[in-house]
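What follows is a single chain, given as structure tokens, in the form predicted on its own.
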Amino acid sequence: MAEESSRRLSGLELLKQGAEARVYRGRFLGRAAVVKERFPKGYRHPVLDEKLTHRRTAQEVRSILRCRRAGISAPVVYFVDYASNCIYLEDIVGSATVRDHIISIQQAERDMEKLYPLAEKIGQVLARMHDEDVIHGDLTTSNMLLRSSAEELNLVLIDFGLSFISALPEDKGVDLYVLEKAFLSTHPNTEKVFASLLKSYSAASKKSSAVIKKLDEVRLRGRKRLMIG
């Protein structure tokens, strides 16, 4: 089984390697695919490592499928190999990260008005995701793709490696706080754009009031930590 998994990965292009996983690009059954492989961690007991890795792989797949059932754009899951903890996913061909899109607009335009429709779209998508009780866990503009479309903004969420299911407003507030920190540090002078994102989120989510309240609490805790050092 391990040899079969290694054979499948051998012809793929390594895109990146993080602390938890390797990501490859290639083809699966004739379709453009991205493969995420969670590899063993030598510092953990083998039995515990396998249990944790299997659970994380299953949770990632569960979150993606839950989003897709709710009409949220996320990659199609082609195949899951639990023997090697590999997930074979749709490669979103012809897309660009929201990060690169925002940077290109900021470089070309002084006026940020072009970013407001995108911010509103992100807010709507995240509201729908949170209403399904999916917590992404690593929201950044690098983990959102724009699929090329002349008619509308087609936003695709990717990299659910830290995701989990929770109905708690606290977890949803932290999810938004992670995005806010990443958004404003990656894209300076976009405070009003992010405020538009949150306004859109509040309008679209059935449970937004409790979430935004928790977001404010998390912000306050973050400021206190900075003051204390």
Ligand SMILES: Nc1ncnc2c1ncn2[C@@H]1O[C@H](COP(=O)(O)OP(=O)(O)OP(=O)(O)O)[C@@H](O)[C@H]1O
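What you see is a predicted model; the values in this text were computed from it and never measured. Numbers follow the displayed sequence, beginning with 1.
This protein has a second form, the form predicted in complex with the ligand, left out of what is shown; the following refers to that one.
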Practice task
Only one of L155, C86, I92, A127 comes within 4.5 Å of the ligand in the model of the complex by heavy atoms, so just point that one out.
Solution key: I92
Handout entry: Residue (of V134, L145, I122, L139) lying close to the ligand in the model of the complex, criterion heavy atoms within 4.5 Å
Key = L145
Fill in the blank from the handout: Which of 33-41, 65-73, 178-186, 46-54 lies within 4.5 Å of the ligand in the model of the complex, heavy atoms considered? The stretch 33-41
Exercise for the section: Answer with yes or no whether R25 is in contact with the ligand in the model of the complex, where contact means some heavy atom within 4.5 Å. Expected result: yes
Practice task
State yes or no: in the model of the complex, is some non-hydrogen atom of A21 no more than 4.5 angstroms from a non-hydrogen atom of the ligand?
Solution key: yes
Handout entry: the ligand contact at K16 in the model of the complex, heavy atom, 4.5 Å
Key = yes
Handout entry: the ligand contact in the model of the complex: S104, any heavy atom under 4.5 Å
Key = no
Exercise for the section: For the heavy atom contacts within 4.5 Å of the ligand in the model of the complex, list the residues of 97-131 involved, in sequence order. Expected result: T97
